[in-house]
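Considered here are two forms of the same protein chain, supplied as structure tokens in two stand-alone entries, structure 1 and structure 2.
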Structure 1
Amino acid sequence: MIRYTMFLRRKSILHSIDPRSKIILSLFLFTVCIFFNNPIYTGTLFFFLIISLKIFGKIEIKKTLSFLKPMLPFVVMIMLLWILLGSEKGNVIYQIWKLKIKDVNIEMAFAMGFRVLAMILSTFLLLMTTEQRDLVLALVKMKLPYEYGLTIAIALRYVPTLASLAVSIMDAQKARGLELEKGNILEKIKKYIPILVPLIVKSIQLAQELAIAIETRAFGKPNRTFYRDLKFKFKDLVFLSAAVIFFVICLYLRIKGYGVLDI
């Protein structure tokens, strides 16, 4: 089965924190990933995130890894590109024909691989421990106009519907002999037409139904109230302070030149 929402229901500190603090933490973590390009630093960050999710979010390491698995081809591609097309500096440690594999590039490949994984994890941390509606409410409370909040909520809400629709369409066309794996790139692209057309037609139908549904609920009238509310509690303050301190330490390290490879 495809999973549509990444939220995993647990009783944990991370789950109970105000989503606004988590959004800020997530942004901090994401930025910190960009600070460093030393594989030891980015690697530490990556493992730190996995362990934190386990300890503070009660999310099993196996589960986190299973969420990361689909991203793996992307990460491997980035690593390969670094190994093959990286810097001109450094010592050649292996040569196949004209391809020179250099030590610095191997190092960079790992740094970047871990960096991308850590970046992905810092977003996943938010999505795995926050319910969609709380996330949207948090964005609205952070002064994002309600229309945008609603748009994001709808988009998130329809990911599952469209994903399962896409699977049904693919199944139906495969049963008519469509073989997506065969052929060169051009032929492959052409093979997606029988999948995209029904998907787009159905999406437009859904959007029209949705527009009517929203309008009948007096959308756009001023002074709307919210059914759910968020409360910023003392533990959120503690949590947020910890996040800020972490961010400042990383920023300091970066300014002092730690964790940065010179290539």
Structure 2
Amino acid sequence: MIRYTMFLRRKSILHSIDPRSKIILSLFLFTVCIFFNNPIYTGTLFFFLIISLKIFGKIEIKKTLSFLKPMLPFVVMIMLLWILLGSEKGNVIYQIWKLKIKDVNIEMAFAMGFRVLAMILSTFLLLMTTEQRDLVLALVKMKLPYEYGLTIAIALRYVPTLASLAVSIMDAQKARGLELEKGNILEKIKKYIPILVPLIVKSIQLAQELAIAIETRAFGKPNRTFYRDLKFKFKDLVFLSAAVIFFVICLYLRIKGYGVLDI
């Protein structure tokens, strides 16, 4: 089943917070992920986000991991590149021909893996707890032109849509006897052609349907009005204050040199 949005309806603290506060929080978390390159710190941040979604968003850990699953091949590829082509420093653990696997590169591989996953989760936190219409309205309230806000919302919405569609196509091709796991790298690349072609065709169809839907709703007409309005409440101020304090603490740790590997 293809989901056209990542939003999960729950009665939770994160769902009740103003979308503008969650946008700022996501930006803070995304930036904090860049601060550290130590696997202990990035791993802690990753698990902190998963637990926070469970406690404050009432989103099951299994559901969160299901959204991350399509991103795992990309994360694994980044980790392998760091292990094989990372820093020249460190002690050699194992050598394959001219490729040297070093302890520092393994640490960096896990650090980068957790960093990418945490960066993805910092965005998913916003998407899983905010409806698309509220996200667009929040961006407009933050003085972003409506056209740009809608473009960002559509882009974020169709990331999980295309990922889910790709999984569906892969399952359908596997049911027809396509073995994606077997063969060398070149053979595997060729086997992904039957997946990419229908994915591209379906993406074009979705784009055409979206264009028709936008035109039927008089997109681009002046003096746009909104059915709903956003109001900043006291709990949003408390939420933002906690986010700022968390960001300042992480920035202080980074300035003091904590959570940084010498590569």
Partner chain sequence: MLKVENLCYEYESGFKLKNINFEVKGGESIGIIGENGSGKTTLVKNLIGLLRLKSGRILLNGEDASKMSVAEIARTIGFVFQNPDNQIFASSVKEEVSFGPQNLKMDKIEEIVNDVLKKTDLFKYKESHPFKLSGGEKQRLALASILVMNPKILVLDEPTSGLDLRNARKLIEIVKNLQEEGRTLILISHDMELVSDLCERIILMKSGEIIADGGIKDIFDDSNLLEKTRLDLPEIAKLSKILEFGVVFDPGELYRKWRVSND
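Sequence positions of structure 1, starting at 1, serve as the residue numbers. Take the two forms, superpose them, and find the largest set of C-alpha atoms that agree within 1.5 Å; that set is the rigid core. All values derive from a computational prediction rather than experimental measurement.
J.: Just flag whichever of structures 1 and 2 is the form predicted alone.
T.: Between the two, the form predicted alone is shown as structure 2, not structure 1.
J.: For the rigid-body movement between the two structures, give the member of 237, 119, 106, 147 that sits on the hinge.
T.: Answer to the hinge question: 147.
J.: If the larger rigid part is held fixed, by how many degrees has the smaller part turned between the two structures?
T.: Hinge rotation between the two structures: 17 degrees.
J.: So with the rigid core superposed, the C-alpha of residue 210 shifts by how many Å between the two structures?
T.: For residue 210, the alpha-carbon shift amounts to 7.2 Å.
J.: With the core fitted, just quote the Cα shift at residue 197 between the two structures, in angstrom to one decimal.
T.: Displacement of the C-alpha, rigid core superposed: 9.6 Å.
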